[in-house]
Every structure is written in C-alpha cells, then in structure tokens.
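What follows is one chain in structure tokens, specifically the form predicted on its own.
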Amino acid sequence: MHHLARVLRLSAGEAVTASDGAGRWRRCLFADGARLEAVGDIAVVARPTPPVAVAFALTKGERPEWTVQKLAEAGVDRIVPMTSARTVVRWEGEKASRQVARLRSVARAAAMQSRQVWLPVVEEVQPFASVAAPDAAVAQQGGDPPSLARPFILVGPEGGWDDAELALGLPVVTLGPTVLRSETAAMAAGVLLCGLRAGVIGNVT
C-alpha cells in the first residue's frame, strides 16, 4: 500500500489490479485510508505452457539483478543462477542466501511492473552439472535456433563453456550472429523462448 500511495501516488477511486502471483487476479479500487476495495470477481489465468526456464552463469556487480529483472519482465517461469567451470563470481553460504533473496525481490517487482499474474521462481545457485537437464540446451554460436522442444536454455560465462561441459552432449542453440555479453545472452534466450510460446515468432521443431 505504501508503494501505491507514496510512489505511484494513486488517488481514491483509481482502478488497481491485485494478484496473488499464482494465476489469480481481481479488479479493485484504491480507497481512502490506503486500502483496496474489490469491485470484480476473481479471475484465474492458467500458467502458460510449456514452462520456460533460463539458467545464467553468475556475473559481477549488479548484472545478475539486471538479468533477473529482464527475464522476469519477459515472462520466464524459472530462473536459475548458475556456476560453471569458467565462472569467476562465486556465491557461497550466507552471501548466496542474501543474493538469492535479493534476486527474488527483483523478480517479484519486475513481474508486478509488467503486470503478470504468475511470479517466476528464482532457484538457489546451482552448479552446471546439476542444471544440465534432459530438456535443456546450451547457448553457443553455431547451434540450431531455439525451440520449445527444449524450453530450458543455459547461458554460460564470458569465457564460454569448457570442453568437459560441452562433452555432456546437450544440444546447442544459437541466440544470433553476434557475440553477446552473458547478461544480454540470458535476456535474449528468455525473450526468444517466451516469444515462441506466445506465438509472436515462429517455432522451429
């Protein structure tokens, strides 16, 4: 309510949409006393399918927050901070807990700002070996276009994947002809997958 009253500076009578972050939303009015009054029935929106996920190698500074913000805005369902052989940044112990809590807060705010009724899941930091799932593909130049057949893209660090990681045999997908920074590549992966799912770009099977 503080955000509505002090940041957005809503006046009494203005329309607001309230959501529980799990697919349910309701129309409300901002009332005197900084409270919401329900004026409509509860609507339920099914979670889009298939679930879209992006894992990204940790980067320096505030770039992980930027990455999570953009992935949440795009509509990615599951976001996985990741370490790999060539990852420079390492979060461990209490620091990892603090950083992941911050990323979850960023994801929540981004989902609210982009008016989504499903909040994305931000997982704990995981090593590449734990993230390399059967439905996953690794982002690297020279691969096939992204496809909903594998709606989980792993984005590596600035130094790229090492030979042992590539030797696991996960399919390779390309995000375009240019060399992207890690955070830009993660955003591109999320936008492409969500665009495929929404039908705004054609799927490749």
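Start at 1 with the first residue shown and count on from there. For clarity, every value in this text was computed on a predicted model and none was experimentally measured.
The same protein also has a form predicted together with another copy of the chain, omitted here; what follows describes it.
With the partner left out here, another copy of the chain still marks one of 94-102, 124-132, 80-88, 107-115 in the predicted bound form; by a 4.5 Å heavy atom cut-off that stretch is 107-115.
Of the residues given (42, 45, 180, 166), 180 alone sits with a heavy atom within 4.5 Å of another copy of the chain in the predicted bound form. When contacts are judged by a 4.5 Å heavy atom cut-off, residue 184 counts as touching another copy of the chain in the predicted bound form. Mapping the unseen interface onto this chain, residue 74 counts among the residues with a heavy atom inside 4.5 Å of another copy of the chain in the predicted bound form. The closest non-hydrogen atom of residue 146 lies within 4.5 Å of another copy of the chain in the predicted bound form. Using a 4.5 Å cutoff between non-hydrogen atoms, residue 170 does not count as a contact of another copy of the chain in the predicted bound form.
Residues 174, 175, 176, 177, 178, 179, 180, 181, 183, 184, 187, 188, 191, 192, 194, 198, 199, 200, 201, 202 are the members of 166-202 with a non-hydrogen atom no more than 4.5 angstroms from another copy of the chain in the predicted bound form.
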